[in-house]
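Okay, here we've got a single chain as structure tokens, the form predicted alone, with questions on binding and movement later.
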């Protein structure tokens, strides 16, 4: 599978937001970006030898930030229904690992770019979109976080970078695989992907 969405815009794509007590989606994003940046900016973790420690500190944030099931279900779309319950559970776990491994180095390369938060927009009673921008010395990169409220918590279910949706991008890849292969073969592809990285 190809690696989508390269560049500095990936900076905090996967380690952005962990759930907090219900509040405005924008507040949730801001609060949790701060938590991630504290890890990335920690002077004690600047050395290359501290890379694994940074990953360990970011991993719990990653594990809690997304609605993993919602992300997986939306990514597979109609194909979600072709997986049985154990296959769905494995897909959720494998997809999480693929995303983490694909983007962790990009996140760790954060070099103090400025993050600007724009006004959130409610998409429905329990869904919202929070637009942000990463501002570098030469350009501004728009990143929008699509969020859903479940059990009183706002969680991310999609990230849109420069008008490219993470969910849509992976959906295209998985649709191509499932057009010619079984769900078990998709899972095997993901298992291999996780082992290779």
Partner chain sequence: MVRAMKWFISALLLPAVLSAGCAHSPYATSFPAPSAAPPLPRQVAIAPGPERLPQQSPEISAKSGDESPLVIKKAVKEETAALSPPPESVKSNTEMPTKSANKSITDQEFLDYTEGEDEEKKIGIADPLEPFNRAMYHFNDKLYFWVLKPMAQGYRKVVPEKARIGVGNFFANITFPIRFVNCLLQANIEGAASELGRFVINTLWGIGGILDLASHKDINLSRQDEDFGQTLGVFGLGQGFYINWPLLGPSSPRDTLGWAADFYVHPFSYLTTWDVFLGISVYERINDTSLSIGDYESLKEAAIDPYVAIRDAYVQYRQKKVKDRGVQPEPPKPQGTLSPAVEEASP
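Please read all numbers here as calculations on a predicted model, not as lab measurements. Residue numbers count along the first chain shown, from 1.
The discussion below concerns the form predicted together with its partner chain, not included here.
- Interface residue remark: residue 164 is counted as part of the site for its partner chain in the predicted complex, having a heavy atom within 4.5 Å.
- Shown alone here, residue 151 lies within 4.5 Å of its partner chain in the predicted complex, counting heavy atoms only.
- Though the partner is left out of this view, residue 178 does reach within 4.5 Å of its partner chain in the predicted complex, counting heavy atoms only.
- Its partner chain in the predicted complex is not approached by residue 108, whose heavy atoms all lie more than 4.5 angstroms from it.
- In the predicted complex, 34, 37, 41, 46 are the residues of 33 to 49 with at least one heavy atom within 4.5 Å of its partner chain, listed from first to last.
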